[in-house]
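Given next, in structure tokens, is a single chain: the form predicted alone.
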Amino acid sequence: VLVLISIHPGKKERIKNKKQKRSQTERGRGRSSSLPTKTLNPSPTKPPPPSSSGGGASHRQPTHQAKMPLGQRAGDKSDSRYCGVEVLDFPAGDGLPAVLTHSLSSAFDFLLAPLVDPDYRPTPGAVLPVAASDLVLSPSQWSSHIVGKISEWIDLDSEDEQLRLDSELTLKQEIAWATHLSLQLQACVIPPPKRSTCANYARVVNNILQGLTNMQLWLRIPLEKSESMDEDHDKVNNNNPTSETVDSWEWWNSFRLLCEHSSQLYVALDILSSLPSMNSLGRWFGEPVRAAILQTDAFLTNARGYPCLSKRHQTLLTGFFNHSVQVIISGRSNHNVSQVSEGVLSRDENHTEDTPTQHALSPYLDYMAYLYQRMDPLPEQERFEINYRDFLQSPLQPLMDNLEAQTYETFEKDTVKYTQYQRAIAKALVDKVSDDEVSTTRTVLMVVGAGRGPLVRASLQAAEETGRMLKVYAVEKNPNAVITLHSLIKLEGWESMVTIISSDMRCWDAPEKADILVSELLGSFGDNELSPECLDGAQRFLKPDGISIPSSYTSFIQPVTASKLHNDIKAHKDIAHFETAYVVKLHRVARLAPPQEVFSFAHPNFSPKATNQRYTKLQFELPQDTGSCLVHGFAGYFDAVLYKDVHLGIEPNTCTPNMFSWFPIFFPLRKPIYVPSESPIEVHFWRCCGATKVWYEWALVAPSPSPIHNSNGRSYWVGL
């Protein structure tokens, strides 16, 4: 027997307007300032593309039907461009190919379809009544256009023992059939828990997940209100104080905890007519949501009789589009906007193959396309950084390692950063030298950590701009960068103005004192690349009235839900990776509370009692309408004052626009912490200094204590 396995190498995409050619978008290749000396990926020079959503349009290479996106959006190559439709009626026999053909021709991209007759119950010797033989569709069609839907009657936590046993057997049979159909390239949707206690259901699913290799399971969860969101609901609660609030996030959290945070378990959210507050909805952006199943009952009707959505629904779907979540339209048509026949979808007896029909749910698909197409194009910076979304990198070891040319080149492309430095240097020069002294006074400026010269260039341009005379010392410890510096100075003709010093700034004996000390030593957390230690060593050759650029910097943190980052770290199966801080372009995260200040440093600091050790404790209050949540760690940022009113930073509220040198830093928790509704989060952070290294320690103390992470710098440190 000769078995042929077809592996399709790429995706064919179809255009909504077939007369319009698909525009090419530039592939992003952005990097953070803290490029890894090691990474969590085997390739240290280039991260993989962001992981696809794993279902619907992901991993699928159709051969017979090109794919039709909702629209063209510059820079967006995610799976959220493709929309599916749920098949409500069981398509027995040859019905499935007809349903698929009709749906694809109506611009839907895939089906969420039942795999087995919903009336089936296991009996001895019975053959599984599947929706269709594996022969009615080609393997590429099964893997490209079908998401399996497991029977909804299954109830593994029922008090009825026979129903419970039948449910377990049927679930395993249907998953086995889905694997046989090659649906392992995408996913199956499993029904929601029937009750809040779902331990047996989770146990069986967890057993199944341990036997799967590629296929994902999407747990269907209705997106129900978690709090009193409107006046009517308030009145109900006031009249009935014992009424229970329902938070479907709790169902999901309980289920995934029982399944040990399996990386193959995801969420398919049922979007209903009413929604929780935006703070409550925001929790889901840090969860592994793969699909939003949008019920037709959630749509309103506009003045022309067409379906539309409320502002809150629109905001939610726009957020899902930005997080690579695919929309699946489900339900019966509630809008008779044109004369259409449901045809094969409802098994209309009058329908024939020659009868041209519009899909009954096409008006809803058109509205999805409208929402998608009116979104702004991805900003250039986002396109530059897209391949680094949620890609974990280890921060630099700036004193232990010498940077490579590729890293320098990436830094030097950040023109916004050097423009800010030039502005700060220009202001400092003007303050140092009055207009009456410009012809007689030469300012001594030292660039410590000069690299390949971008700050030297910014300093000389600031001097030219302000008409001040400048003498520059460029101090650099990397001998390879010094070679490039010499070439630059000679090429630009700066020999009379710039002196190159090949030395560690902490060891160099300066021939004269500096008026201005300029450095570029900041990390994603401000001080995490040893800027305080380096500048403390260099300030001995700064005049008492000298100026340091930057003059100060502050770090910030905020609690986040970050399921993907947690699972990526968990895959290493050790404590050390959970006690390491990572530089990461945060994407699939939920920011649970506003950032707060952690550590601050100011330069120069001539105090004899100065120390760079720090300790702080912070308390975060979540908005009351958020509901419960799970904290996977803390996102860290910095904000720096270069000089006076010139600043740069990545703290979300004050971040410098279009600057890409730094991504945030992420401090993970070994075990995610459950935070009940309206409970404060208290975290303690330490910056510790030893003879040969600097490290951070962190621990949660409320709502429940965690271990102190990275005690004595056992897992992560920065070498002096």
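Residue indices: 1-based, along the sequence shown. Keep in mind it's a predicted model, so treat the numbers as computed, not measured.
Not on display, but discussed next: the form predicted together with another copy of the chain.
The stretch in contact with another copy of the chain in the predicted complex, judged by heavy atoms within 4.5 Å, is 203 to 211, chosen from 534 to 542, 508 to 516, 203 to 211, 465 to 473. For the candidate spot formed by Glu86, Gly282 and Gln295, no residue has a non-hydrogen atom within 4.5 angstroms of another copy of the chain in the predicted complex. Remark: Glu404 does not count among the residues lining another copy of the chain in the predicted complex, judged by a heavy atom distance of 4.5 Å or less.
In the predicted complex, another copy of the chain stays beyond 4.5 Å of every heavy atom belonging to Asp270. In the predicted complex, another copy of the chain lies within 4.5 Å of some heavy atom of Lys617. For the chain shown alone, Ala176 is not a contact residue for another copy of the chain in the predicted complex, no non-hydrogen atom being within 4.5 angstroms. Contacts between 642 to 679 and another copy of the chain, taken as any heavy atom within 4.5 Å in the predicted complex, involve Arg670, Lys671.
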